[in-house]
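In C-alpha cells, one chain follows: the form predicted alone.
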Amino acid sequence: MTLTRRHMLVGGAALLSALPVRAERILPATGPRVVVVGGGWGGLTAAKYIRLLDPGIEVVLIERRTQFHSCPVSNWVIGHLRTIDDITHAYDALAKRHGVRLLHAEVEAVDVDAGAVVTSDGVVAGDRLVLSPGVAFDYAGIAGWDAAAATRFPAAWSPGPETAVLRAQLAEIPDGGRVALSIPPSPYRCPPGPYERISLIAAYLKQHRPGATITVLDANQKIVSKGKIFKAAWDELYPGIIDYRPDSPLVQVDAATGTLSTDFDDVTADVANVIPPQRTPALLRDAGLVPDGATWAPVDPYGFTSTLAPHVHIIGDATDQTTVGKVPKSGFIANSMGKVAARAAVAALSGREAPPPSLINTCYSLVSQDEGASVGAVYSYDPETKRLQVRPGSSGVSSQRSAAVALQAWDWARAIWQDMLG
C-alpha cells in the first residue's frame, strides 16, 4: 500500500501526538483526500472544482460558519440598497450536488508536516491541503484600541454580523450628523471597496439625513482604485457631503467620545467605521507558512502552492502579491485562484503536471444607487519571471460611471455565487 500523508498521521508531529483524532473517526477517509480550510470565495471554489475535476477525490471543507455571507456586495447592505439576506447563502448544494463533506468547526492549527488540520472537533488529515483563511486585522498601530473601540468602530470588512451593525448605526445618525471612515495602507482586501462604501454612505446621507457628512481618513496618498471615476462622482453627486483627506493614517481612537485621530487632527463622529490594516492570519504564521518579518504568505503562482510547503496550497487574500504578481486582493481573484489550485491538486494526486495557470478579475463598484463602474484584467503565467502578468490588451476600466454597469454588478454577483455554491 502506498503511504500518503493521511496514512502517516501518527508519529509525524509533536503537535498531533497528544490530540485525539476524533474527526478521523467522524469523517473516515474513502480514498485520496484534500482538506480545504475556509468557506469563502477561494475555498468554496477549490472544494467544488476538485470534485468536478475528479469525483474520486474526497474533499473535506472546514468552515466554522453555517451560512455563507458575501463580502463583495456587502457595501450595498450598509448603504441600504440590499438586505443581509440578499448576500447570505446556504452551503448545502456543495454536499448534495457535489459530494463535498462539510465540517463546521473552528480551525485551531495546521500541522504542515503531517498534512493535517486541528479543529475543535478533532484532527482531519489529507493528502493535500488547500488553505483559504482570508485576512487578519492588525490593530497594533492604533493607540486606544480595546473592546469598547471594537464595538464602537466596527470594521465590517469581513462578511456577517458587523455588516448589519454598521447598517443599523448608519440608520440612527441624526440630521446634520457626521460619519467618519478610515482606510488602511494598501495592500488590503478589495482595493476599491472603501471608496464604494464612501459613495453609498454619502448617497444614503444625501437622501435620508439632510446636512450629514462623511469624513474620510485615507492612509494612502490617493484613491487606490478607480480614482478618477470616484472623484468625479463625489464632486458631481455629493458636493459638501464627502470630506476626503488623503495621507491621513489613523493612529489613535477614543471610544468614549467617538474620536478618530491622525498625526494632524482629530475627527469626532456619530458613526465611525475603522477599516484596519491587514495581514496574513495567525493560522498560517503558526504553521510556519509565513517567513519571519513578512506580512503575507509566499506562494508559487503556478499552482498556488506554498513556497515553504509544496503539498500545501494557499489561495485568496492571504497570498503575497510580490510572489504572485500584480494581482489585486479581490473576490474574483480568489475564485480564480481556487480553480487554479483545484487543477493543480488534482494533477498532483494523479501524477500529472498541471496546465499553466491564468486568472480573471472583474470588480464592480457602485458610486450611487443607480450607477457604477468596473475594472478588469486577465492574467497569464510568465515562465521567465515565474509570476502572473496582465495579458496584453485584456485590462481596462470604465471610462465613466453608468447605470448599465450597476445592473451588470448584481448579475455578476448572482452568477459567481452560483459558480461557487450551486
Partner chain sequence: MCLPGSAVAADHAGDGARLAAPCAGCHGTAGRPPADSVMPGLAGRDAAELTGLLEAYRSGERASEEMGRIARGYNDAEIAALSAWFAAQSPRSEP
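Residue numbers count along the first chain shown, from 1. Computed from a predicted model, the values in this text were never measured in an experiment.
What follows is about the form predicted together with the partner chain, which we do not show.
**Q** Given the partner chain in the predicted complex, answer whether the residues Val34, Arg51 and Thr88 all have a heavy atom inside 4.5 Å of it.
**A** No: no residue has a heavy atom within 4.5 Å of the partner.
**Q** Consider the chain as shown here, without its partner, and state which of Asn75, Ser182, Ser199, Asn335 has a heavy atom within 4.5 Å of the partner chain in the predicted complex.
**A** That would be Asn335.
**Q** With the cut-off set at 4.5 Å between non-hydrogen atoms, does Val397 touch the partner chain in the predicted complex?
**A** Heavy-atom contact with the partner chain at 4.5 Å: present for Val397.
**Q** Taking any heavy atom pair closer than or equal to 4.5 Å as contact, tell me whether Lys222 reaches the partner chain in the predicted complex.
**A** Outside the cut-off, so no.
**Q** Is there any non-hydrogen atom of Arg391 lying within 4.5 Å of the partner chain in the predicted complex?
**A** Residue-level check for Arg391: yes, a contact with the partner chain.
**Q** For Tyr302, is any heavy atom within 4.5 Å of the partner chain in the predicted complex, or not?
**A** Flag for Tyr302 set to yes.
**Q** So which residues in 331-368, when you check the partner chain in the predicted complex, have a heavy atom no farther than 4.5 Å from it?
**A** Contacting residues: Phe332, Asn335, Ser336, Lys339, Arg343, Glu353, Pro355, Pro356, Pro357, Ser358, Leu359, Ile360, Thr362, Tyr364.
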